[in-house]
Every structure is written in C-alpha cells, then in structure tokens.
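Only one chain is included here, represented as structure tokens and corresponding to the form predicted alone.
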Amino acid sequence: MSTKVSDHILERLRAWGVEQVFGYPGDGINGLLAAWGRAEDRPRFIQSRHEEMSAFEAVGYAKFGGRIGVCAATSGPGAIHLLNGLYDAKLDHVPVLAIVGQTNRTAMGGSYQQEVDLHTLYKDVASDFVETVTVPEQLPNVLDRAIRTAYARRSPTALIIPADVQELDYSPPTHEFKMVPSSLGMSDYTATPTDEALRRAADVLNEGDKVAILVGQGAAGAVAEVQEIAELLGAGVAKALLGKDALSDELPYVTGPIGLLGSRPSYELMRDCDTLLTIGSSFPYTQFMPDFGKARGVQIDIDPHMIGMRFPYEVNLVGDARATLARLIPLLRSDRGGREWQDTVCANVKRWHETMERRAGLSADPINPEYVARALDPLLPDNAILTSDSGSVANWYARHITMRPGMRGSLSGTLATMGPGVPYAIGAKFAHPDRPVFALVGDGAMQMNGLAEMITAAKYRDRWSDPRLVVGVWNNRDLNQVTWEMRAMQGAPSFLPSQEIPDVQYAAFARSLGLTGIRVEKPEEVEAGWRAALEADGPAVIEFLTDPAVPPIPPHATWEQMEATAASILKGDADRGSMIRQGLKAKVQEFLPGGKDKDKR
C-alpha cells in the first residue's frame, strides 16, 4: 500500500520524537485520523473536549516537558478554537506546532462550508512560520522548518493541510530545480555576549551597593549560577510569576513574586536598590521597577528582539542565561564589603512570611482563601508540578506556595487568559506521568472549561504511573479578581449580573465521573481535605467554599487605589460590610509587633 501524505506526516513527527498530539477530530483532518489508525496511534492522539483545551494541553506539555507541544484540529471552527491557546504559547514564548485541516483545494475560494482563510487567520499567532501544504513535495521541508522554528524562536508555528492533500500519495522532493529537500534534527547551541559587553556589565554591577536581581523563566536553566551571583553581589532576588520555579523560595534573600500579585519585600527591593540585574524576564509592569534615574541596570536575555525593554538598562547582554552568567561571574569583585543590604532584604522577607502566615490565619466566611493555599504548601511533594489559573487564585499561588528545588510551576503569564489551569495540568501529566500535578483553579475558570476537561482526565487516568492529579477549586461564587479590579481601579461597586456565578457542585461532578470529589465547607476541614485528595488513587477535585470579601491586596496600594475602593463602598457595594472588615484585618497584619512596616506612605 502506498504511503499517503498523512502517513508521512505522522512518520516525520515520530522521527522528531513527538510522542503525543493533543487534538479533537473533524472531517477536515479525516485523512490524518485514518493515518493514525494505520500507525496504531503513534504518536498518541490525546482527545480533549474542545480544541482550545488541546492547545492549552500542548502548551502545558511544552512548558513542563521541555519539548515541543503539538496540537491538531479540523478546518474552520476547529482551527479557530485553537487560537487562544496558541496566543498563550506566543506570549509566553513556548514551542508549539499546530496542524490544522482545510477544505479541499478544489473548493477553496468558493465560500464552501467551513472554509476560512486560515493562512491569514494564523499569520499573526504563528508569525514566525505558517505554511499551507498544496503538494506532497513540500514535505518534509515545511514540517521540519515548523518544528525547528518553534524550538529556535520559542513560539507557535502552524501547518495547514487541505483534506484532499492528506489523501495524496506521498512523493519526496527530487534533486532538481525549485525542489527543497530537508533533513532531521538540530543541534543544541549556546549564545553568549562579547567579552567587551561582559566587562561593561561587570563594571556596572561591581559599582553597585544595593543590587536587586529580577529573574524570569529564562533563568530556569541557570539555578546554580543565579544563586552564586546573588550571594557574590549580596543581592536580593525577586521573581516574575513565570520564573516562580526558577529559584527556591527557601533561600532567605529570595523576595518572591513581583507586581500586583507580588510581595512587599519585592516592592521594597525594587524601591530601594541602586542597581538592577534582570535575567531571562520581560516583566512588563514598569511601575514596579526602580524609579528611572535612581538605579543602573544590566539585562540578560537570549532573544535580541525582547531585550532592552521595560527599563533603561545600561548594558543589554544577548545570550543564554547560564552561559552568560558563567562568564560574567569571574569578572565580579569577590571582596565586597558588608552585607547590610542583603541582611535588610532577608529581614524584609522574614517579616513578609510572618505577615502572610497571619493573614492566612484570619477568620473568614466561611473559609479564608489564603488559608487554603497556605495549608497545601507544606503538604506538597518535593517533585510536585503546579499550575495556576488566572484570577484571584493566582494571588494565593504567588504568595503562599513555596517553591523548593525540584518543584515546577507555571500559569498563563503574559496573556493571563482564564481557563488553562486544568488543561495545563493534563499536559504536564503527559510530560511527566510519574509526578504529582496540582491545578489551583477559581470557580469561574472551572465553570468555563475545567469541568469538561475533568472528563479528559478521567479518560486517560490509567496512562499515568503516578495517579495524583489534584484540582483545587476556590468556590466563592464570584469572578473575584475582576470584582476587586473594578473596586480598586474604577471605584465601581461589584456589578452582580456580571460578577456573580452559580454555586456548582464541583466535587459531585467529579464523583459522577468515577473520580474522587471532596467538598470542604469549614476551615478545620481544609488540611484533611488536601490530604485526602493527595491519597486518592486517581484524579481528584477538592472544592473549598471561600470568602469573596478577602482582598488580594497589592504589595503597595496607591492612594488612588484606596480612594477608588472607598468610592465603591460609598456607592453601595453589595459586599461592603465584609469587604471593609476583611480588608482592614488583612492590612493590619503588616503593622503588628514583629512586622512593623517602616514605609507608612
């Protein structure tokens, strides 16, 4: 039997080491589905409940597996549904390949059913490489280029394959004019700056007395080097949320997350430093960086397209974080003076941890959402993988989960889209079937798509050697992050028709799928609930009835934000009594004995 184009595509994916493709069937990829049958499901076709979830699962697989994620969808609506997950990959710089169908070539341009101009549609999200296959001889070149480009540019790429092309007999490019042959693979490579650039960077850092380091996901491969340079410079280290697992939170000078979801010591670190070293991060919120003109700066990033933004850096080093730091460290002074600056940073960190522990211990109605995350933290295995959804739950993930060596964690960092928490976790389980995975999800995101994707978890539970996939749901019947943003930024009270959501029985739904489902309604049941989910023999959903009035207070609320929040109360916010009570209780923790705040602005 002849080899079809669809057979060759799957064969080439296998040759690139692709082990699974996340997708949803449709007649636009019927040729590929038939080839999967002939190939005995190699690479494995992982069926999601929705194409957007396929893309998110591919992103989660790539983020945690360190390999390209591949997703597939039919033409028209299926291809459109992939877009949100692919934009998540683009903005977080994750290698993903989308393979999508298209109507037959004979029907293109004829306003045929499900005909969409996919090349134009994908030109932005897959701007680094998108191609439509019209003849077999374009393969394997376009597939190889799509994969190599995804790896090299850390971005999504796309192949559009019309349905009739999938059914054609495969014939390789020949040795003649206007044919493009191809070859497999690409070597590892390392980019480093010039010696002159490194010397200029060393001069800036050596002259600094109060050095702050900001790390992102680009520093994840340079843990030892980041730790060494922090100790050598006597610096504090703040982390962008995508870099939360780049360095252990147990190090005393690690100040934790930065930004609106950040920590007080990270805010203080940036406010008071005289020198900033940014490693593998494009953290966008300039207002949380040092004041312009107050601190000198050095940046390290592997992507010259992304370097030099966000802050007026004096030296921009284009290179791999690990290799660049290895060459920079010997140029730094080893005879620096006292450690007063780092001692201050460490004291601020210690005070913040005490503050957060007190805030998590405050009473609420019925359960303090901060306590839910705080109770999970010490129970997490050393090899745990965590995903967080967007929303107020991301605050509790950022501030209460202690990353230790070996742990991994991520979320939709730049797109900040709702809904990736559960599909990320499923992708992580396929990347690491031998590790426990935890998804921290708000009830809004769970209703948006998490519930349906628990069906996917139930479908594939037997493929994971470690059965633990724990989905924690913060059930507060409110789209809480937007509610608080309305209060703090718009001075508007909560608009219940848009913000209030139904009280869904998440645990009961899990039980209906044959999974473990636990509903926690009282604070004293929280820890036992987490332990029960950890001990389950398969995926588990544990929901906590939490108080929507507990505020995700920024590390340094501005007068404008406080005035706006007060205005929302005066305008008759539906939750104003609880909101005032919980807000005051949370804020006062920063001023208790042992946690006195020197900055009372």
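Residue indices: 1-based, along the sequence shown. None of the values given here were measured: they were computed from a predicted structure.
If you look for the form predicted in complex with a small molecule, you will not find it shown, but the lines that follow are about it.
Three-residue candidate spot L214, L241 and G280; no residue lies within 4.5 angstroms of the small molecule in the predicted complex by any non-hydrogen atom. Proximity of T324 to the small molecule in the predicted complex: non-hydrogen atoms within 4.5 Å are absent; the residue sits far from the partner. In the predicted complex, the small molecule sits within 4.5 Å of a heavy atom belonging to T417. Interface membership of T255, defined by any non-hydrogen atom within 4.5 Å of the small molecule in the predicted complex, is ruled out. Though the partner is left out of this view, V393 does reach within 4.5 Å of the small molecule in the predicted complex, counting heavy atoms only. Here is the short version: of T74, Q299, Q481, T275, the single residue with a heavy atom within 4.5 Å of the small molecule in the predicted complex is Q481. Put simply, of L83, L232, L251, M448 only one has a heavy atom within 4.5 Å of the small molecule in the predicted complex, and it is M448. Comment: 471-479 is the region of 471-479, 151-159, 451-459, 205-213 lying near the small molecule in the predicted complex, near meaning a non-hydrogen atom within 4.5 Å.
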